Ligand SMILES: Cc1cc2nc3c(=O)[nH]c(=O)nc-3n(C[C@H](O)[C@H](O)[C@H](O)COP(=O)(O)OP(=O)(O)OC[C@H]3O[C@@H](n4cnc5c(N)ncnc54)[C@H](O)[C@@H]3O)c2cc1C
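In structure tokens, one chain follows: the form predicted on its own.
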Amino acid sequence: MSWCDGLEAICKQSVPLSAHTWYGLGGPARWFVTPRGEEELAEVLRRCTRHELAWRVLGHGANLLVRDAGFDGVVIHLAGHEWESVCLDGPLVTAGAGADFPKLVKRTVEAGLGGLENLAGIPGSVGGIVRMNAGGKYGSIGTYVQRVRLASPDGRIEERTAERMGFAYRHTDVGRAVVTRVELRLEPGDRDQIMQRFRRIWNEKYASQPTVSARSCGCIFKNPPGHSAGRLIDEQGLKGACVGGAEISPRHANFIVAREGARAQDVLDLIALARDKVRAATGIELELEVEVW
């Protein structure tokens, strides 16, 4: 018997993960599972726990680097109608974990709801954005979260208020639980003013970062307290540094771009180079923001 008996409709083997990440790098998942709702997700999690299988959750792959060898375990991909649904009810916005975050931001801006325009230009799925408390210069998603629905590794479903999420800089206290749905509270306002702010933040971001079409995963490192990771790397003269097909972006040193022919190992080697140079010069240990499988 296999751990996935009865789940054949949603479980495939040896699926290339490069097609599911912004980097377009990395090897296959041993198993690739696409649950169609919370009930199937809970069952997959229970089975993974019971059979002691390594597992990971995949949204839009924006903040992810998969190693060239791939992932020898179960990758749970949250995609499809239930996971991507969005509902606007006055100032309350409910979104599934697989909803596209940039599209959600744009939709709330067009509806005259203020708040998420501060996060313009941040890629990813809602679940991943909330799980890491993603944000930027103008704030983080945790500011707008009211309630989160989670599936635990043993298959239990629970809801937590924002106060119980443990929101901190690029951090939450959800542990191994999987975000399934999020409720946000935004502020109704003047649509034109919100749109203007959205466009200003978007333009500011993309004037200083690699273009949207570039193959990257967003910021590689978290900003150390009181410092900018990009500035620390830039000060070591590493902008434009290359290993194989990977390059530290000449536009922003906290981005590593994958060029044609790049491998995941090239990116990992550049990560190690940046860390070593910054540590040697400043004593600061850069902490990864990108997730590496």
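Each residue number is its position in the shown sequence, starting from 1. The model shown is predicted, which means the values in this text are computed figures rather than measured ones.
Just so you know, the form predicted together with this ligand exists too; it's not on screen, but the next bit is about it.
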- Task: Choose from 27-35, 231-239, 50-58, 260-268 the stretch whose residues reach within 4.5 Å of this ligand in the model of the complex, heavy atoms counted.
- Result: 50-58
- Query: Do G114 and this ligand share at least one heavy atom pair within 4.5 Å in the model of the complex?
  - Reply: no
- Look up in the model of the complex whether S152 has a non-hydrogen atom within 4.5 angstroms of this ligand, and give yes or no. no
- Message: Can you work out whether P123 and this ligand are in contact in the model of the complex, taking contact to mean some heavy atom pair no more than 4.5 Å apart?
- Response: yes
- Message: in the model of the complex, is there a heavy atom of this ligand that lies within 4.5 Å of any heavy atom of G135, even though the partner is absent here?
- Response: yes
- State the residue from Q209, T94, T143, N223 whose non-hydrogen atoms include one within 4.5 Å of this ligand in the model of the complex. Q209
- Query: Within 59-95, which residues come within 4.5 Å of this ligand in the model of the complex, counting heavy atoms only?
  - Reply: G59, H60, G61, A62, N63, L64, L78
